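Okay, so here's just one chain, in structure tokens, the form predicted on its own.
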């Protein structure tokens, strides 16, 4: 079994942590850190419990980290002190950081070393490409996956004589303005998150966020979103806000976009399919709602949307027994019945075509309470991924998202002109990219 050398970015080599010499009758334990919180965090615990109860040989010790950002930060710190887990859930934004760390025991090698039965071709291309190297190898195992949808209030649209969700951006905005005249106080709730308006919007319009095919072709990529259709999109959002058609909804304003939609305050929002179950269980009793694919500008051809969520990374420096247990856990998660259970209780989409087919054949999507969830798969697979729509491979993307959010907030609250804010967001993001490039000077993306 060959394991790659550890990267300087994690500062130290790691060795097997002693103290795990177990008696023959004891289970082989391994530690798994996850980033999901709230109800989704509870479901992560439930999934671990399901694994532990399914057999008697291994035991997953699952530890929540209090958020995706913290899961990544805590793992890096723990690796330095040789107190890291065997398995960790890292969200999409951390992919390139872990690919270049040299601290990972990559998925193909783990599968080979422990005779895992993995059909790599069964993964949806839109999911596989996000976590794959230039050679098409996934170094991590996709787990909780999602894509973005338009959530819409059917009663609000009925007030303007419509029973179908808008398909184009222009139609959506016209509908919002018409609903305002019809007495709908808030047609659209949004916040400063970048995943829907920047990342998903750019993918479905097949426009770049950065040069070098969004960073896949080199660490010297530069941001360009201030010069694409995204800039017009944000200016259009600002017009809706100024007209009183749209509304900023955050915890600081008293309601999140999810709360504003489920209680009927606002008639539409853009959100993850992972929230489908949350809307269904928390919406007021008389709320008639549905979901639809994200609208596109009429002059653009629709492309596939991006996968969101996280994948599972195996880390170096653990025992053969811990790796064997982690491999068994991953294999357990890929069982069709587990993919269906996880999708049912969360709203996340199955990561494999095999799992999806089993769910379709079993009538999963025919259940009215799950109506529309299949649209996330349809959106994700609408076209084969292009060099631009396959994903984003930019270093320290978490920091970049924060810079963009800050500038969007400044623009939407009237402190800055939108174009000036986007220009500043690009400038700050490029500074982050150059620091990342310097950190990994001389290294090539796998």
Partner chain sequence: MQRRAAFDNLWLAGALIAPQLLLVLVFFYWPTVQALYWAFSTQPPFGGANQWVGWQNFEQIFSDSVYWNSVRVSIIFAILSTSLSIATALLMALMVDRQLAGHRVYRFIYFWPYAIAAPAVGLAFRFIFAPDAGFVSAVNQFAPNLWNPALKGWDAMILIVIANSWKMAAYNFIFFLAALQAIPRTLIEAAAMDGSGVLRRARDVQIPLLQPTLFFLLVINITESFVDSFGIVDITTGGGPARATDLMVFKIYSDGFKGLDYSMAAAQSIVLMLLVVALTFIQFRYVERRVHYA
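Owing to the predicted nature of the structure, the values given are computational and were not obtained by experimental measurement. Positions refer to the first chain, counted from 1.
As for the form predicted together with the partner chain, it is not shown, yet the points below apply to it.
Undergrad: The chain here is shown without the partner chain. Which stretch in 381-389, 53-61, 27-35, 398-406 comes within 4.5 angstroms of it in the predicted bound form, by heavy atom distance?
TA: Looking at the other structure, the answer is 398-406.
Undergrad: In the predicted bound form, does residue 92 have a heavy atom within 4.5 Å of the partner chain?
TA: Looking in the predicted bound form, residue contacts with the partner chain do not include residue 92, since no heavy atom lies within 4.5 Å.
Undergrad: Taking the shortest heavy atom distance, is residue 80 within 4.5 Å of the partner chain in the predicted bound form?
TA: Yes, contact at 4.5 Å.
Undergrad: With the cut-off set at 4.5 Å between non-hydrogen atoms, does residue 366 touch the partner chain in the predicted bound form?
TA: Contact with the partner chain, no.
Undergrad: Taking heavy atoms only, is residue 322 within 4.5 angstroms of the partner chain in the predicted bound form?
TA: So residue 322 does not count as contacting the partner chain.
Undergrad: Ok, 177, 255, 288, 162: which has a heavy atom sitting within 4.5 Å of the partner chain in the predicted bound form?
TA: None of the others qualify; the residue that does is 255.
Undergrad: I need to confirm a contact call. Of 97, 346, 129, 304, which residue comes within 4.5 Å of the partner chain in the predicted bound form, counting heavy atoms only?
TA: The residue in contact is 97.
Undergrad: Taking the partner chain in the predicted bound form, which residues along 206-220 bring a heavy atom to within 4.5 Å of it?
TA: The stretch 206-220, when checked against the partner chain in the predicted bound form, contributes no residue at the 4.5 Å heavy-atom cut-off.
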